[in-house]
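Starting off, we have a lone chain in the form predicted alone, written out as structure tokens.
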């Protein structure tokens, strides 16, 4: 077990070190792309905690990303709050939203949970339109914040690394084992004395807070807040990222974000209807790796992958 644990932690630390070195090799354009991948990778890690380890399919997670985005961006724009304070306002605001909405949403299960979260997510999007004098809706707000690209990259890497290692520790802890037990067999886990609602609500809370942290960081590092990030597309994206990389694997979300991002980049340079090409490529990928890339590799070869 100790050898396996060293291998698991060594792999994750090695990936983070590799990402740290990568910044010195990338041209300026890809430097910015990878920074975004790290931020959306944090968002995908948060989503994976709910889908991959708890078995809950949310279709409204953009609400939490946007809560962090607006929670950090609006105080900076209107009140002149400093970036550190704004980040924590955004993350804690998203956590509060997840705590409140998790109570009614987790009274449902399966498809009903997905529909309820979709409704919550769309309500959040409509609120950004209703209060467009404050949010400027799809036009968005440009924040008076300037972050040099090297600092931006390293802050995004710091956030992603914290999310990755925190999730790795969590899913290997007794709490994480209970979440996976609920995912596999709720009744049996309940009979062992664990409260399904409490554990799922806590996972939902953590996922919402981490999604909000990613949104707040995006607003502050790229100095922009817009309601496109509250749309249903940004609830579908994390689902796609996690399914491609491997639901229930710690490194799968990052791999999924990177593959989808660069597939879109490559296809959009070839033709206008690039989403058709992206869709076909992703369908073929999912057919070859039904459990996602790392999920399938774990089933076939690397069973020690968390």
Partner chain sequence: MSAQLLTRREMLRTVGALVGASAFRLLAPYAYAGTAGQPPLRVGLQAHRTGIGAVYGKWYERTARAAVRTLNARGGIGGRPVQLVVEDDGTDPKRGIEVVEKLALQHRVDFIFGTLFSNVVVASAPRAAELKIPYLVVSEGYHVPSGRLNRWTFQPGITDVRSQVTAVAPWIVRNLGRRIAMIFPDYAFGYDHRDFFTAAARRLGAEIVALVPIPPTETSFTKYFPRIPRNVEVVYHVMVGPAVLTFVREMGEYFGRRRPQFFGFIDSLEGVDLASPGLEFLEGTYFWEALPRYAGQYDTPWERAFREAVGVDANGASKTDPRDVSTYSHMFGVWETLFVIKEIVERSGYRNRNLRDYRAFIETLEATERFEEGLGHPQGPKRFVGQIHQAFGQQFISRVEGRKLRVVHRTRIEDSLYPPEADYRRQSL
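Positions refer to the first chain, counted from 1. Everything numeric in this text was worked out from a predicted model, so none of it was measured.
The form predicted in complex with its partner chain exists for this protein as well; it is not shown, and the discussion that follows is about that form.
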If contact means a heavy atom within 4.5 Å, which one of 53-61, 264-272, 277-285, 246-254 is the stretch that engages its partner chain in the predicted bound form? 264-272
Could you spot which one of 85, 80, 104, 149 gets a heavy atom to within 4.5 Å of its partner chain in the predicted bound form? 149
Students should find that, of 224, 201, 194, 113, the residue having a non-hydrogen atom no more than 4.5 angstroms from its partner chain in the predicted bound form is 224
Is residue 139 close to its partner chain in the predicted bound form, meaning a heavy atom pair under 4.5 Å apart or at it? yes
Partner proximity in the predicted bound form: residue 205 to its partner chain, non-hydrogen atom cutoff 4.5 Å: no
Would residue 132 count as touching its partner chain in the predicted bound form under a 4.5 Å heavy atom rule? yes
Heavy atoms within 4.5 Å of its partner chain in the predicted bound form: does residue 228 have any? yes
Check each residue of 81-107 against its partner chain in the predicted bound form and list those with a heavy atom within 4.5 Å, in sequence order. none
